[in-house]
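Just one chain is shown here, as structure tokens, and it is the form predicted alone.
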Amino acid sequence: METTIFYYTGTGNSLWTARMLAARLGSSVPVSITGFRGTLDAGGERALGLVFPVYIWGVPAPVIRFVDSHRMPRDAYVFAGAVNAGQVSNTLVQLERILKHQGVRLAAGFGIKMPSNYIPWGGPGPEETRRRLFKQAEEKIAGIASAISRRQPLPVEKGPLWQRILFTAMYRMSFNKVPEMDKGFWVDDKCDRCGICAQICPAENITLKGDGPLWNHRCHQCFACLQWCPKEAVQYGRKTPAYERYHHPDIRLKDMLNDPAR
């Protein structure tokens, strides 16, 4: 039975995860949620996956909008992979509840730990640590693919109780403020107005003016604009000029720009 994997990504971790799953399952090429314009009811696909990063310890707004606007077939085996830097928290429980309102069961939900791309809190960590995380993620993905291929129902993964209480509260307080958190972006004098930041933004939040990029308060906080800038000219706050940039080493800029929404 066919499996379709929808993904949302900013710096490539979730795209890589979706590709790895698709390769293990022998399914079609993963589909970006930001570029998807079809429906999910044609033919009643039997297995549907959602792969996305954890943002502020919860489900990113674009993923919520995708789920709300594309009803999953009720008889489908629906699974999810929440890519995170070590704290999946209540994210998959939240998604489970969102789907339940549609009468859809989240059959399985997995947390997948990867290097952090939230640069305001520092860089992605040492190269050795990153390689170890990639290897562990690949091994876990193999197990996930095995469970999916058997259509095995599994409890969703979640963080400890204290984390789910504290971080869920922080997510709720922050959620409506995210679009305007782009006030912290700026460019230094290395900016050559190449336009990559505007092209890579999944929210179409950046326009180019005579003196450089302008952020328009529709931000997702994915940091694609900063992490993919070829000159490392895009900054956020005061500390990022000193921090190493990151995107998944197996994902190229052309992979990201191949998304029809970019």
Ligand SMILES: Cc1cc2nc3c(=O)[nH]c(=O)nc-3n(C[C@H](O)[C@H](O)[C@H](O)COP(=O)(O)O)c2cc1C
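In this text, residue numbers run from 1 along the sequence as written. Keep in mind that what you see is a predicted model, and the values were worked out from it rather than measured.
As for the form predicted together with the named molecule, it is not shown, yet the points below apply to it.
- Contact annotation: of the candidates Gln87, Gln102, Ser149, Ser174, the single residue with a non-hydrogen atom within 4.5 angstroms of the named molecule in the predicted complex is Gln87.
- Comment: the named molecule is not present in this chain, but in the predicted complex one of Asn205, Thr34, Gln235, Gln221 has a heavy atom within 4.5 Å of it, namely Gln221.
- Contact with the named molecule in the predicted complex, judged as any non-hydrogen atom within 4.5 angstroms, is confined among 64-72, 197-205, 50-58, 22-30 to 50-58.
- Using a 4.5 Å cutoff between non-hydrogen atoms, Asn117 counts as a contact of the named molecule in the predicted complex.
- Put simply, Ala80 is far from the named molecule in the predicted complex: not one heavy atom of it is within 4.5 Å.
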